[in-house]
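Consider the single chain below, provided in structure tokens and representing the form predicted on its own.
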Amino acid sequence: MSAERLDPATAARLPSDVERPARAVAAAGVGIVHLGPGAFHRAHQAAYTQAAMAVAGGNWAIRTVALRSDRARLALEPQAGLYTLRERGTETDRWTLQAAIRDVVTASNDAASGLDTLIDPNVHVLTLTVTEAGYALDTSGSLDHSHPDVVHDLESPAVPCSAPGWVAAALAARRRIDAPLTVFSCDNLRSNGRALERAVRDFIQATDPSLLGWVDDNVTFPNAMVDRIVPATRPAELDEAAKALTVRDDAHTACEPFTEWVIEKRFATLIPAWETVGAKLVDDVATFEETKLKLLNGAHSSLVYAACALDIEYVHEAMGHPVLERYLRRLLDDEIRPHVVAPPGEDLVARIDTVLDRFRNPHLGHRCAQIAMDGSLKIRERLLPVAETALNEGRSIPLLTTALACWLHHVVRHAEPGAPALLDARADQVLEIARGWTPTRDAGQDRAVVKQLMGPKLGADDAWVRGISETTRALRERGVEAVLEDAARREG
């Protein structure tokens, strides 16, 4: 296996079946700044952008900014931003050389460089993939002023480390050259553009209210729905890629063939011709977003906490477990689909079939523990709105109750002495609430735990609190498999 790194010189020696970028991509100037240069960005927005430049041209190369971790810079900088993308499915194994990314700045090392790029009228677009946790929102959807990163940024707004603080600093830089900007959130948040806008405006109100008028006239935050399964890359996959490519690519990214991007038509500037390569530009993203959050992301979260309790490592392995697969299918069909309004022309049954087929893909190596991270934030977006709506309508939701009880069971296990760390942005608060809780022993404590972890609406429904507490206790006493088997067999 060659120790040489991928770079513009060694790229010429890549195997002939690796698709090369069009000349327009290499010649393009920077037109996009992206915050959060992880694997999802490389497999989604950057790939769409390269494809769009190949079709329609334009100066849409990307400069990426990592808020803290230097990992992306160390992987991409020696490779001049080049990396390979591998789309793996049952009948697909496609390799492409990606060249839309020009460089990576790590903000914690060089706070000024990324922001200086925004002082360029040729840059029109700022995109973000920082995960749900990166928006530093409180339970009401406003900026959490007590979040450590926000506290830092409110005291030192010129050297931000939070996403809202960084975007606010970027907008201040744009005002200096009086250049509009379109800011795209590409994370799994409901109304993600509006959520980001609210957090940024809250931050600006606290630091420089005079900026708000300029933002009103010159900046838009369109909502967007993004979809592609992109697991974290494992060292063994880097070794496999190096063997196939004959060069080492430390930014190699693997993903599924399926991809989707739906964008609200609300732009302050020019944008790349993403619609020429499959992105949908629509007036309202809401139905697309709700469908994806509930059917795909909700299914992921409903599956992985049970799978983790059963020591199942990968999603495709969980889908091979007869109880888990049967349970998940019934949950989607019986309790989640009734609360999904289909986008125009969409068949929700077919969509569920597609989702489950994607989960069965054995080539992705998508770890359940990766999906389980930040559960307190993810269930708030993916599962709790369905539960609240169902209870308001008087619907019985035993399968969804079981899914949420699996998350509570997961938290309670991690709250025990000597347990592994809970990987959650709110781990300290969540564990403090769950520590010492024995479900069903004290109705008042049950109500308090549910209210604090799942919100006041669910915590106020005594029958539901009792049901989820009993289910959480049953998971410990009878085991996850037995409880899910009962739920899957229950008459509708």
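Source: prediction; values computed, not measured. Residue numbers run from 1 along the displayed sequence.
Heads up, the form predicted in complex with D-mannonic acid (CS2) isn't pictured, but that's what we're talking about next.
Within this chain, H409 is remote from the site of D-mannonic acid (CS2) in the model of the complex, having no heavy atom within 4.5 Å. Though the partner is left out of this view, E87 does not reach within 4.5 Å of D-mannonic acid (CS2) in the model of the complex, counting heavy atoms only. A residue is said to contact a partner when one of its heavy atoms sits within 4.5 Å of a partner heavy atom; H147 fails this definition for D-mannonic acid (CS2) in the model of the complex, lying far away. Among residues of the shown chain, R174 is not one whose heavy atoms approach D-mannonic acid (CS2) to within 4.5 Å in the model of the complex. Comment: D-mannonic acid (CS2) is not present in this chain, but in the model of the complex one of T117, T182, S376, N188 has a heavy atom within 4.5 Å of it, namely N188.
Contact with D-mannonic acid (CS2) in the model of the complex, defined as a heavy atom within 4.5 Å, holds for exactly one of I371, L332, L76, L143, namely I371. Of the candidate stretches 88-96, 401-409, 221-229, 278-286, only 221-229 has residues with heavy atoms within 4.5 Å of D-mannonic acid (CS2) in the model of the complex. Taking a 4.5 Å heavy atom cutoff to D-mannonic acid (CS2) in the model of the complex, the contacting residues in 286-323 are K292, L296, N297, H300.
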